[in-house]
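Here's a solo chain for you in structure tokens, the form predicted alone.
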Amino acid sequence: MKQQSLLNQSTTVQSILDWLHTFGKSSDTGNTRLLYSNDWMNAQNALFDQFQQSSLTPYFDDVGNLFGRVEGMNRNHKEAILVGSHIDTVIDGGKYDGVYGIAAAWIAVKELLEQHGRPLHTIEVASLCEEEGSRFPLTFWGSGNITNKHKQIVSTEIFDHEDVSLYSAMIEKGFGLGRYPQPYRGDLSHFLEVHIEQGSVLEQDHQDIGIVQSIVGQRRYTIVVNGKSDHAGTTPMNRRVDAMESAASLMTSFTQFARRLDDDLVSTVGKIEAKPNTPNVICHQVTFSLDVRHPSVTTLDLYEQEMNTLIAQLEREKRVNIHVNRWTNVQPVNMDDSLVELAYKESERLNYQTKIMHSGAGHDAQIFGTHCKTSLLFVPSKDGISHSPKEFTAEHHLRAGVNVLKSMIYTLAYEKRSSYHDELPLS
């Protein structure tokens, strides 16, 4: 039985986020909703039903991206305006990251339909299947397939920590079998995304809306250090091939070099696995992650060169073997200048305090940015906290993002009239 529509005149943005939080709820405010999990599938199916109740035509593509389409009246214009964000979360993340962009797009389009009827140009609300890289060692599975940037990925060769392949997980949920349209989209004119900032700049500067001008480049690595297991009590220090010692040395060196190289460079080790992970045995293998971000490709290249030099030096000195897998390489991307200008004009017109800024976090807009005209808006994050159950954004800021997004969609998708701003109710 289909659910009743959740959207009505008294609906708050927060109430939609609270509803989506029930799919993969890990605590009172925490969420774990990983790609192709049961909670992920239930959330996408529930949104499918809700889109249908909201006069959108819902459909999946063959990797699990969900769309709610509103056909434009201009039959000669074949392109679509895509608006949305990602449905997946990090492990024990918050209830705002990603899903706020889906809720904002859905609310904005629903209100525009009620107030103005069908648009001139086609609009699609998107619940993108994956962005975080939380289950499998890849990111942007949703937008990367839509833009064809993941065409070289072999899904049978990528596994989660339980040795389930990406292909098997996808097939289990009914995707990847050709039952749905192929994900690549060559018909997109624009992609618009609104997101929580995941930082503290807007809050500290007392701003309502952030308009992103560019997004940093991002590289992620898995580094495996192989040594030799020996007895912790009987093996002299000068005869050890200790994977943990070498891994710790690398982590420290990587961090120190990042601090020396550039103030805008960030380098993070966020995950470590040790084998055999026993107190009285010298570690024979350490696997750790490395996340590196900066607005310049040149700086990222310099960092990677130094990283490889440090690794080669350590292999010689400590007799360990080190394997490096760079599994994410997302280039820095500028947002479309005309959309930055439009967003700023609309935000100012609505009397919001507005800031032009850069994004230090990766977003789906980064993938779409070289595929079609793209815009990314931010709303403040309380205390800058994200990827945490403590993630929070106040309703008036959530609504501000909806209002600016809604005004932008109107400008792009509906007939332009000299008095259209007077005809555009907010909420």
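In this text, residue numbers run from 1 along the sequence as written. Whichever C-alpha set is largest while still superposing within 1.5 Å between the two forms counts as the rigid core. This structure is a prediction, so every number in the text was calculated from the model and none was measured.
The following text describes the form predicted in complex with a further copy of the same chain, which does not appear among the structures shown.
The listed set 308, 325, 277, 351 contains one residue whose heavy atoms approach a further copy of the same chain in the predicted bound form to within 4.5 Å, identified as 277. Of the residues given (186, 178, 236, 117), 236 alone sits with a heavy atom within 4.5 Å of a further copy of the same chain in the predicted bound form. Shown alone, this chain has one stretch from 143-151, 85-93, 337-345, 250-258 that lies within 4.5 Å of a further copy of the same chain in the predicted bound form by heavy atoms: 250-258.
Proximity of 22, 45 and 55 to a further copy of the same chain in the predicted bound form is absent: no residue of the three has a non-hydrogen atom within 4.5 angstroms.
Contact annotation for residue 204: at least one heavy atom lies within 4.5 Å of a further copy of the same chain in the predicted bound form. Under a 4.5 angstroms non-hydrogen atom cutoff, a further copy of the same chain in the predicted bound form has residue 291 among its neighbouring residues. Contact between residue 198 and a further copy of the same chain in the predicted bound form is found at the 4.5 Å heavy atom cutoff.
a further copy of the same chain is not drawn, but in the predicted bound form it has a heavy atom within 4.5 Å of residue 267. In this stretch, 361-376, the one residue having a heavy atom within 4.5 Å of a further copy of the same chain in the predicted bound form is 361; the partner itself is omitted from this view. In a rigid-core overlay of the protein, residue 158 has its C-alpha displaced by under 2 Å between this form and the one not shown.
Residue displacement note: residue 356 has its CA displaced by under 2 Å between this form and the one not shown (rigid core superposed).
Relative to this conformation, an increase of 3 Å or more in the Cα-Cα distance between residue 133 and residue 248 is found in the predicted bound form.
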